[in-house]
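The chain that follows stands alone, in the form predicted on its own, written as C-alpha cells.
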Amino acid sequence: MLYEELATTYDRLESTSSRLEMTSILAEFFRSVDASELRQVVYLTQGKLNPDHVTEKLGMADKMILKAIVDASRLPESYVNDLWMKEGDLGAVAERVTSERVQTNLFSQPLTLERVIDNLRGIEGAEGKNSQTKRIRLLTSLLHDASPLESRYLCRTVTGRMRVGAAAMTILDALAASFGVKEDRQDIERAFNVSSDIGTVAESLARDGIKGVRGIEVQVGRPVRSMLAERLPSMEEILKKLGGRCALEYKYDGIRVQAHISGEGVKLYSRRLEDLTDNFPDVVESLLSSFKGQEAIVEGECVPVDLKTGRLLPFQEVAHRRRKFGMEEAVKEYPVKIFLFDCLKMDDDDLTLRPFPERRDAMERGLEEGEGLLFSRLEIVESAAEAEGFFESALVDGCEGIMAKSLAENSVYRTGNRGFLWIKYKKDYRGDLNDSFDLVVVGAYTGKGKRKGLYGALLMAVHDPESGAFQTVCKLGSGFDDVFLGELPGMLEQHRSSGPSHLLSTRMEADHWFEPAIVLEVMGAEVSVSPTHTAATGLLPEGSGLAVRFPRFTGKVRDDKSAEQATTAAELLNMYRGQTSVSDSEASAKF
C-alpha cells in the first residue's frame, strides 16, 4: 500500500466533525486494506505503532522534528522556526515547507506503508549516544520523498498528535460497518475492552470474522480497560438504584492500578494503561508474597500512608511515585499500601462476566492480607442510616468517599464502561455546593496584572463519548498557586494548536488553543444552564448548554486519566438534574 492512500484518508477525516461521516470514511478505507496491513493502519490512525500498554512509544522532541524538516527542505532554519511559532502544528509546518522547498527531489520514490513503518520503528527503537541523530535521519529520509500532504501526517504521527478525530469508538464502528457485522458491534467493543488492543481486534475481524473477535479473551499481561462508576447525590437515591441493598467500599484517594500476576512476576498498569511496575516495587513485592494461585488479574488503589500513625495521606503524596528518577528514595519517602477491591481473572477463570460477590470472594481466596496489602473495607447495607454511618467512617479514616456496588446477578465487570452497577459518593456531593469534576484543558487566556506573561485562565471542557467531542463547560481562573502557574505553560506546550481542536465544540474564543489532553480536578458551586457553553447541547431546551459555576482548581492534576476519561456530558446532566435548586420543568429536559 502507498502511504499516500492513508494520508488522503486522514485529510478527509480532518475535513469533517461528523462522527457518522468519519465512520463512513474509515469503513470505506478499511475495505480496501489487506488483512496483513490493517493492524498497523489502525495503530497509525491513532498516532501509534503499538497498543497503548506497550512500553515502547513513538515520539520525537519538537526540536528534532524541526531539524528533520529543515534538512529535508533545505530552507533556512530561522524561516522554519518562525513558521512553527506561528502555526503551532508541526504537521502544518512540514506541509507548507515541503511545498516550498528549494529544490525538487529528482530521485524521490513514492512512500510505501511498509517503508514508513520500518522508519518509524527505527525512530521508536533508537538508543544510545547517537540516537537523536538516527531519529532525525530516519524522519528526514521520509520527508525527502514525501508529498506536502504526506509530510503533514508523518510529522503528526511522530508527535502522537494526529488531529483527525478518529477515536477508538469511531474506529470500532468503522470496523463493524466495513466487515458487515454491525449487529455484532457489542462483541467487537468487548474484545477491545478486554484486550486494550484495537489492532488485534481489527486483524482478527479481517482474518477470521466475528468468530475470531469472540475468541479474544481476558489474558494476563494484557490490561483490561477499567470499569467506571456513575454518581448520585444521596444515599437514598443510591440504595433505590441498587434495589435497596448494596455493598459499600471505602473510596481511597490514590492511584488505581491493575495488577497482572503470573510466574513471570507482576505487571502494574494505570487506568490509562501505562506500565507503572517500576514506580511501585514495594507493591509488586507485597502482591508476590501474598498470592496463592498460578496467575491473576486484580485491581486496587495504591494509597500513600504515614507509617508512624497509619494515617492515609492525600493523593498528591503518591503522585511523587510517578517520577522517572530517584525511585529508590521515593519509595522510602512516600510509602504506599495497595488496597485491593476487585478480581478480573483467577487462574483459568475469566471473572469479568461473574457477579461482584463472586469476584470479591475469588480475590479474598487467592490472596492474603499483609503489611503492604489489604482488601478494601466493605460492608453490606440495607438502609440509608447504615450507609451514612459507613460513609462517616470512611471520611474519618482519611478516604474521599465511598463506592456503592450492586450485588445483583447482573453485577458483572463492565470493561471500559460506566454504569450504575458502581456508584461513587464523595463528601463533595452533599447538597448543591462543592461538587468535583475532572475537566479537560482546551484553551487559555493571556494573563494580566500579577499573571502577566503567564496564562490567566483556562477554558475547560467535558467529554461526550457519543459524539467523541469535547464540550466547553467553564472558564477556570481560581485555585492556582504561583508554582502551578509557572509550570502550566510547559505542561501545555506540547499540546498547543493554532486553533480550536478538531474535536472541540465551542462558542467561546480563547487566546491560546490546545488539543484535549490535560485533565484537572475542579470544584464547582453548581451546574447551571448556559447560553455560552456547549456541554450537553441538544439535551436541553433551545440549544442551551451546561456550565459549572464558580469553578476552582483543587490542585490535583489528573495525570492518571486521559482526556477521554474525564467527566462526561451525561454525568454533568445527571448532576444538574439532581440539584435541589433545579425546577421540575428544567429537570425534565429530555436525555
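Predicted, not measured: the structure shown is a model, and the values here were computed from it. Don't overthink the numbering: it's just position in the shown sequence, from 1.
Although it is not shown, the form predicted together with adenosine-5'-triphosphate (ATP) is what the next lines describe.
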Problem - Interface membership of residue 424, adenosine-5'-triphosphate (ATP) in the predicted bound form, 4.5 Å heavy atom rule - result: yes
Whether residue 156 contacts adenosine-5'-triphosphate (ATP) in the predicted bound form should be assessed with a 4.5 Å heavy atom distance threshold; does it? no
* Would residue 168 sit within 4.5 Å of adenosine-5'-triphosphate (ATP) in the predicted bound form, counting heavy atoms only? -> no
(Q) So in the predicted bound form, is adenosine-5'-triphosphate (ATP) close enough to residue 438 to count as touching (4.5 Å, heavy atoms)? (A) yes
From 376, 467, 98, 200: within 4.5 Å of adenosine-5'-triphosphate (ATP) in the predicted bound form by heavy atoms is 376
Partner-free chain; cross-checking adenosine-5'-triphosphate (ATP) in the predicted bound form, the single residue of 341, 291, 445, 480 with a heavy atom within 4.5 Å is 341
| Triple contact flag 250, 301 and 405 to adenosine-5'-triphosphate (ATP) in the predicted bound form, non-hydrogen atom at 4.5 angstroms | yes
Testing 554 to 562, 532 to 540, 26 to 34, 50 to 58 against adenosine-5'-triphosphate (ATP) in the predicted bound form with a 4.5 Å heavy atom criterion leaves exactly one stretch, namely 554 to 562
Contact check, 265 to 299 vs adenosine-5'-triphosphate (ATP) in the predicted bound form, heavy atom within 4.5 Å, ordered by sequence, gives 271
